[in-house]
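Below you will find one chain, with nothing else, as structure tokens; this is the form predicted on its own, and questions on how it binds or moves follow later.
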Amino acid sequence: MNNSKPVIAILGGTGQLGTGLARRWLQAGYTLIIGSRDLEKAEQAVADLRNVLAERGISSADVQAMDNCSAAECASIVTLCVPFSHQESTLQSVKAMLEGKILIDVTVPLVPPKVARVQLPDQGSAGQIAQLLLGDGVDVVSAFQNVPAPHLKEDGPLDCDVLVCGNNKEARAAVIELAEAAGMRAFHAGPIQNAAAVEAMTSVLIFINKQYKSHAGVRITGVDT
């Protein structure tokens, strides 16, 4: 275990985005916990990650499987990668384990079947829902919604930027560091209320991807990093 880096849990870490982020963070030397409501799914995801990394010459990946509650308890930074329909129930189940920690909320309020249409919740955004539900004792940071999951499985830097929203600047900076470790540029994008614009952009990108048969992302121009 690399004690100089935080332990990261990914709840709902069995999907494409969760496993893609996990792969890149493991390659960067972070300790990962894959969490799921179904422990067997988490264990299978860990086995798949180990196999992929072994093919790349990484045989010492520090990753393990746990149920969501255990994963949230053992990590110092928790990433939520679940469908919008499961966001509140998942957060309620791990709320006590998140106190004093950073929660990276990757949730997008997509409402099937019209996922290419912007449909923000009454609270403003999924990020705001998480912050309201968890309270001030948890630093909710909204990020990674606009990252094309297929590109995370490629090697090298990604042609995609990450917009990071949250009320605590230090927490945003910690997430920016994780985005950069995963091969992306990342930018402070303001308080959690601004997550509404970032989440809405996901539906726009889904429409673009369908129209042009692409995996489009977002790029910020005119800013030196």
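Values in this document were obtained by computation on a predicted structure and should not be read as measured data. All residue numbers refer to positions in the sequence shown, first residue = 1.
One more form of this protein, predicted in complex with a further copy of the same chain, exists but is not displayed; see below.
- Each of 189, 200 and 205 places at least one heavy atom within 4.5 Å of a further copy of the same chain in the model of the complex.
- Only one of the listed residues (74, 120, 111, 133) places a non-hydrogen atom within 4.5 angstroms of a further copy of the same chain in the model of the complex, and that residue is 120.
- Of the residues given (48, 159, 67, 177), 159 alone sits with a heavy atom within 4.5 Å of a further copy of the same chain in the model of the complex.
- Residue heavy atoms within 4.5 Å of a further copy of the same chain in the model of the complex occur in exactly one stretch of 181-189, 40-48, 58-66, 24-32, and that stretch is 181-189.
- By the criterion of a heavy atom within 4.5 Å, residue 217 is counted among the residues contacting a further copy of the same chain in the model of the complex.
- The closest non-hydrogen atom of residue 4 lies beyond 4.5 Å of a further copy of the same chain in the model of the complex.
- Looking at residue 168, you'd find every heavy atom of it more than 4.5 angstroms from a further copy of the same chain in the model of the complex.
- Under a 4.5 angstroms non-hydrogen atom cutoff, a further copy of the same chain in the model of the complex has residue 116 among its neighbouring residues.
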